[in-house]
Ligand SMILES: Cc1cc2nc3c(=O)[nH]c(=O)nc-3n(C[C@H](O)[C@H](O)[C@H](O)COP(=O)(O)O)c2cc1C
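The data below hold one chain only, encoded as structure tokens and taken in the form predicted alone.
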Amino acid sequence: MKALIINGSPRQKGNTSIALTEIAKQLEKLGIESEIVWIGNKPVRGCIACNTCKDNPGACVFDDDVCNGISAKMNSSDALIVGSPVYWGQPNGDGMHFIR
């Protein structure tokens, strides 16, 4: 098994990273491989409903953000964990793209 862990915090080594690293350690104890991907301050575009991903599953028409790379990693993973700091009662905006 493999888990993809997405760190949606703008702080690469902040509290969210500490929590996700601990999750990865516990998964490793269970024999589950994991990879932590930090999206941080990288751009994440919103969907524009162009349906390109229907013709080419897993590929977004936008290739200037992190989504296509993360989609490929998601396709080869058995589990997805998304971590994000909470600002004003909800996860930060970039992390929301992956939990909708």
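We number the residues from 1 along the sequence you see. This one's a predicted model, so the numbers in the text were calculated from it and none came from an experiment.
Keep in mind that the form predicted in complex with this ligand is missing from the display, and what follows is about it.
#### Entry: V86, heavy atom within 4.5 angstroms of this ligand in the predicted complex
Contact check for V86: yes, within 4.5 Å of this ligand in the predicted complex.
### Query
Is the gap between K25 and this ligand in the predicted complex 4.5 Å or less for some heavy atom pair?
No, K25 stays farther than 4.5 Å from this ligand in the predicted complex.
### Query
Does S76 reach this ligand in the predicted complex, with heavy atoms at most 4.5 Å apart?
Outside the cut-off, so no.
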